[in-house]
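The chain below stands alone, shown as structure tokens; this is the form predicted on its own.
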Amino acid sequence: MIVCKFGGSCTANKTALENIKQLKNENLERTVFVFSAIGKENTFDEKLTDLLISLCNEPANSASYNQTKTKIISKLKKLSKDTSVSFDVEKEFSIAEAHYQISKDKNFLISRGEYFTTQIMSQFLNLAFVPAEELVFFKSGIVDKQKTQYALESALNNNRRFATCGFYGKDENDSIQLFSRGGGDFSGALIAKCLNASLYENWTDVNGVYDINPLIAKGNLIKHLSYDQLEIMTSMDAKVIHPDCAKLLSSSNTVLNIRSCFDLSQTGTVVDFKANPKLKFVCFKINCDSAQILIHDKNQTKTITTDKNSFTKNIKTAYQTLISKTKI
């Protein structure tokens, strides 16, 4: 069984949308489809989740509130149009908005980004829609894994394949509980672990994990690494997947594959339980007045501390030294 999670950029682009449909049709082992809220279509666009957060912080019926609301409805209408799905965005959003105005539950309104996105995508893919509030449960602020596993197994028994929402669940008081930002990745990993999936595909807008942050320098795609190695990278600057996913999946039987939804010809990065003995990478963490550069070479790591002004130069030098020599 395969659990697939699609990032926000995947539902903001027509090519990616058609690729999602292709992925669903070409492999029946892809059983659970997890969606984040609609992301950015371009650099100047805004994520649906950010718009919903802004809406929560603006006075009701103010000019800024109405402007933000218009943007939210517009993004949902565009997805409905791009997928040719009949979905009454204004009606559905007004129901959620009315509930929010009474309850003032910000988590509820913010979670509707995933909720509405997945509703539309489930129709587009002809999949059953099972909302996250029926699958993912919290108790005392942490995931109730036993209750969550039971709910997921029941959903799987009732539906051969289904779509659900990432990023949130429901607590013991029937209130919406959000994961931290990027938590859709964690939702997918949690579902994969609970269902003992053989593979968890995390579909995003990059080809996988690189040996240096692409914003710093042009690096090389890492084809294989271990969960321990990924955990090191995501604890630093590697934001390709939620930092808690590696630790969660390391205690499962599930292999992770991080791939681009925009180019299905790329096989991406495979993460499993066997360390890559030849793996080399550089990552970093920015502090208040300094930066740490971590250099990983063949299962050995060392850290260099540098000031911010010299950071870019030093990390590029460290990377060039790493890839040009057998040993650091």
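For every residue, the number given is its place in the sequence shown, counted from 1. As the structure is a prediction and not an experimental result, all values here were calculated from the model.
If you look for the form predicted together with ligand ASP, you will not find it shown, but the lines that follow are about it.
Student: Within 4.5 Å, heavy atoms only, one stretch in 178 to 186, 72 to 80, 132 to 140, 192 to 200 touches ligand ASP in the predicted bound form. Which?
Tutor: Every other range fails; the passing one is 178 to 186.
Student: Of R259, K47, K280, R30, which residue is found within 4.5 angstroms of ligand ASP in the predicted bound form when only non-hydrogen atoms are counted?
Tutor: By the 4.5 Å heavy-atom cutoff, the listed residue in contact is K47.
Student: Since only the chain is shown here, I'm wondering whether V271 would be in contact with ligand ASP in the predicted bound form (any heavy atom pair within 4.5 Å).
Tutor: No, V271 is distant from the partner.
Student: Sequence order please: the residues of 159 to 178 with a heavy atom within 4.5 Å of ligand ASP in the predicted bound form.
Tutor: Residue within 4.5 Å: F167, and no other.
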